[in-house]
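Next comes just one chain, in structure tokens: the form predicted alone.
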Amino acid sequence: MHPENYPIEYIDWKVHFFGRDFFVTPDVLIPRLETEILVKRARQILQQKWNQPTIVVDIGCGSGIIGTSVADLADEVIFLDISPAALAVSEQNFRSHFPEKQAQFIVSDLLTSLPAIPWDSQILLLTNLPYIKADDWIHMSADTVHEPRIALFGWELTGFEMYERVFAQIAELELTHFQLLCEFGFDQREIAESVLKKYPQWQSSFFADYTGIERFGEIII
């Protein structure tokens, strides 16, 4: 017997996303439809004829649906997550769709354990980090209570703090050929723009979800 509002995806152990079925457990966030917009933009970048990325890094990968959904267009995918349980789900999903594809699955606090990458590699960083302000349940659906807190809540003040951390890590790594796509909260566009002003060497822009809200960021260097 499952508790009230228990997600059907956890009962069935699967979710449909971007044309594929993925395995999910209560250790990972249930993918949302809006994240397909990020995947579509990532695929456009990977198919461009100039500065084509060859390595994809899925930061805070969870179930691995983002990295797996673009893997056919990349030479290698690196999956990073702080949760070993989530990383195991990610690996199962990737191997079920791309059993022969090169990939790495690394327990990592954001980019802390990113392996060495050749300096001249074109890198595409993809991420949908936790961005909800801590315990801000008022804007969340009833079934969300059954999803892992670590995949939902970003930090205490704005919820955008994890993105601030990953931006700082990117700057410290001094990556020279990268693009970043990220998804954040419906009310965080101005916060994102303010934080990105700290990195004037980066080119940043925003694009919208299905309702016209700009909640995706794109950064190029």
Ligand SMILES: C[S@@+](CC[C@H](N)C(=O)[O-])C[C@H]1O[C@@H](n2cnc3c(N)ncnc32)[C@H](O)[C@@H]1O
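This structure is a prediction, so every number in the text was calculated from the model and none was measured. Start at 1 with the first residue shown and count on from there.
Although it is not shown, the form predicted in complex with this ligand is what the next lines describe.
Indicate whether the candidate residues 60, 83 and 150 are all in contact with this ligand in the predicted complex, with contact defined as any heavy atom within 4.5 Å.
Yes, all three are in contact.
State yes or no: in the predicted complex, is some non-hydrogen atom of residue 121 no more than 4.5 angstroms from a non-hydrogen atom of this ligand?
Because no heavy atom of residue 121 falls inside 4.5 Å of this ligand in the predicted complex, the answer is no.
Verify the contact flag for residue 55: yes if a non-hydrogen atom of it lies within 4.5 Å of a non-hydrogen atom of this ligand in the predicted complex, no if not.
Because no heavy atom of residue 55 falls inside 4.5 Å of this ligand in the predicted complex, the answer is no.
Wondering, does residue 159 line up within 4.5 Å of this ligand in the predicted complex on heavy atoms?
No, no contact at 4.5 Å.
Is there a heavy atom of residue 144 no more than 4.5 Å from a heavy atom of this ligand in the predicted complex?
Contact with this ligand, no.
Which pick from 41, 177, 189, 165 sits with a heavy atom within 4.5 Å of this ligand in the predicted complex?
By the 4.5 Å criterion, the partner-contacting residue is 165.
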